[in-house]
Structures are given as structure tokens and as C-alpha cells.
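Listed next as C-alpha cells is one chain, alone, in the form predicted alone.
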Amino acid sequence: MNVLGKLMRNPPLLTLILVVAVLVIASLTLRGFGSYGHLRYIMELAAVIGIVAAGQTLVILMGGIDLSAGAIMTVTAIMLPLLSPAFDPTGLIGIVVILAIATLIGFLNGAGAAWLGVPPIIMTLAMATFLQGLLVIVAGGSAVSVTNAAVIWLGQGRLFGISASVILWAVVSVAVIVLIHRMPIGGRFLALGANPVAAQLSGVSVTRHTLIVFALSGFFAGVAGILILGMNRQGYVGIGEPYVLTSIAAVVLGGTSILGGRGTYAGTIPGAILLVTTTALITVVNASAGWRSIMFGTLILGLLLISGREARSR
């Protein structure tokens, strides 16, 4: 019982144990589930969710939420091929330009929340709706194909047998964990999420840190958009929408408080893997799409229950 109590107080470790348990059980009972190729595919999908969830973790730690992440991913996937100049065979210019745009969109989210006083959930929802309408006008119902060599390599390339997307996720993970736990700005994010009034009275700028955290969320959503574009070799309206809920779910499954002020990206990592593994398990056993919806609906209810429980305990 003491061990169980310790696990309940360490959500990242508990989530990691669940990931290992699901993978072991599925590998022993389902043929081919534990093969290297299938596990690599799971990690590639988890990398996309994990990178979106990197920005989402920072926003949630500060007590906000970003519902525009999926729309920013879609903007990236559709606009990158259109903005990549023909004279650049590497495609790096297009990547830099689109990441700057994604970061700017995130900055505008922060500006609306910080300067206009719009609640982040409303501001980012409005931004997502605006971007979706804009993309329908720009792209219509057609898909945009990518020939950008750098994007295709990031989405499908290998380095020493390891997917480029997984390597990129590892780099992002280290950077975000260091930012949260080893840099002063990470401590200020946590302080603002735990008690914004006390943090502000101690000299922490709410406005500046709100702008920074949403700009970072936009940047990471842009990186994830590049990955899904490279994996699919085309972008289309709505390609990033499934990652809004999953990124939030990965954060909360990893033990980060939905109300902010407590958590770590180290828990988001196994949270992302657990979501993809569970979805893959449902797919392998030929369950209908309805069961997938039920699973994510259950996650939404779980988030609400956790939020309500924490609100009563504060």
C-alpha cells in the first residue's frame, strides 16, 4: 500500500509503468505488436504529439491552455510548401520562415491574453477558428504536396536506424526539461501558474512571460506541423486538429496540473507514448472508430474530474 501511495504521488513514474505494462502485455498477446518496425512507428507518432505537448506543457504550467495548436500545425503543413523558394534546394529557408510565422501566431495568442485580458482558452479558440477559415480560403479543399528535402527527411529519414522525428523529439525533450527545471524562467512559469498574484508582487512580469510561453507553444506546434507534413508528404485543412486534445491529454496524463503551477515535461513524454500505444492497441484488435472516440471522451471526463478535484483542494 505504501508503494502504491508513492506511485500515486509520482504521476510521471506511474505513467511510465503503465506504458511498459501496456507494451509488454500487447507484445505478448498480439502478433507483431512488439516488432521493431511497429514500435518505431509508435514512437514516430508519439514524437509529433510529444513536441506539440512540449508547448502545451509550458502553457498549462502557467495556468493557461492552447486550443490553437492544431490550427498552427495545419497552417505550417499547408503554407510551408507554398513559402519554400525554388532557389533553395535544401528547403531550410521555408522551414525558418514557417517557424517564424508559427511563433508569431503564438505571440499573438499571448498578446491577446496579456494585453487585452482575454482568457487564454477563448483567445486560442478564436485564433484557431480564424486560422481554419483563412486556410479554407487559401487552400480550399485541395491538399498541398511537399518536395522540400529537409521536411521529407525530418518526417521519414533515419539516422543510425533511429527515426529523425524521434531524435528531434529527444532534443526538444532535453531542452524543455532544462528550461523548466534548470533555468530561472522555468521557475517563474511555475510561480505564475501556482499563484500569479504573489508572483507578480515579487516582481515577475505576467505580460512578458505570457508572451514568451505562447510564442514557444506556437513554435513547437510549428515543428510538429513540419513533422506531419514530412510524414504524409502533403498538407490539408484539418491535418493538425487531432493533436489538440491528445497534446492536452498527454500533459495531464504525465501529472501536470491542468490548473497550472505543478508538473514536469518528464511526465508528458510517457503520457504521449501511452496515448499512441493505446490507440494502436485499439486499431490492432480491429475495434471500431467509435471505441477510439470513447477513449478520448473518457480522457476529457478525466481531465474535468482532475480539474474539479484540484480546484476544491486549493
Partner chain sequence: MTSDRSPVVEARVLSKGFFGNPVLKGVSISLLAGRVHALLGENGAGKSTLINLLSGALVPDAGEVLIDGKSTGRYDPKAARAAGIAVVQQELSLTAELSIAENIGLGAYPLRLGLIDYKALRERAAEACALVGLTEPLDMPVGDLALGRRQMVEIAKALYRKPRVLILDEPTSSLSAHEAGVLSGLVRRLASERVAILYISHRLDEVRSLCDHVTILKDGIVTADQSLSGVDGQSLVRLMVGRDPGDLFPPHQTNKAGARRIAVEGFAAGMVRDVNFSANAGEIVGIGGLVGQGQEDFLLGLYGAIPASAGEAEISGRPGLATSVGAANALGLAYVPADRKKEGLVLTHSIAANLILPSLGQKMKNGMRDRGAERNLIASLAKRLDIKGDTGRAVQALSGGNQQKVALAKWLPKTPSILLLNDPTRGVDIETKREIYLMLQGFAAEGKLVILLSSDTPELVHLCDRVLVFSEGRVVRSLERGAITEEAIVGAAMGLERSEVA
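Positions refer to the first chain, counted from 1. Since we're looking at a predicted model, the values are computed, not measured.
The same protein also exists as the form predicted in complex with its partner chain; that form is not shown, yet it is the one meant from here on.
Worksheet item: Ok, V96, L104, L83, V178: which has a heavy atom sitting within 4.5 Å of its partner chain in the predicted complex?
Response: By the 4.5 Å criterion, the partner-contacting residue is V178.
Practice prompt. Using heavy atoms only and a 4.5 Å cut-off, determine which of L92, M183, A143, A170 is in contact with its partner chain in the predicted complex.
Written response: Of L92, M183, A143, A170, the residue with a heavy atom within 4.5 Å of its partner chain in the predicted complex is M183.
Discussion item. If the criterion is a non-hydrogen atom within 4.5 angstroms, does every one of S27, L30 and G37 touch its partner chain in the predicted complex?
Written reply: Checked in the predicted complex: no contact with its partner chain for any of the three.
Worksheet entry | is_contact(A199, its partner chain) in the predicted complex, heavy atom dist at most 4.5 Å | It does: once its partner chain is placed as it appears in the predicted complex, A199 has a heavy atom within 4.5 Å of it.
Fill in: Close approach of N195 to its partner chain in the predicted complex, 4.5 Å, heavy atom
Close contact exists here: in the predicted complex, N195 approaches its partner chain to within 4.5 Å, heavy atoms only.
Worksheet entry | its partner chain contact in the predicted complex: G203, any heavy atom under 4.5 Å | The answer is yes: G203 has a heavy atom within 4.5 Å of its partner chain.
Worksheet entry | Partner contact for G261 in the predicted complex: its partner chain, 4.5 angstroms, heavy atom | Result yes; G261 sits at the interface with its partner chain in the predicted complex.
Discussion item. Please pick out the stretch from 228 to 236, 162 to 170, 210 to 218, 187 to 195 that is in contact with its partner chain in the predicted complex, where contact means heavy atoms within 4.5 Å.
Written reply: Single hit among the candidates: 187 to 195.
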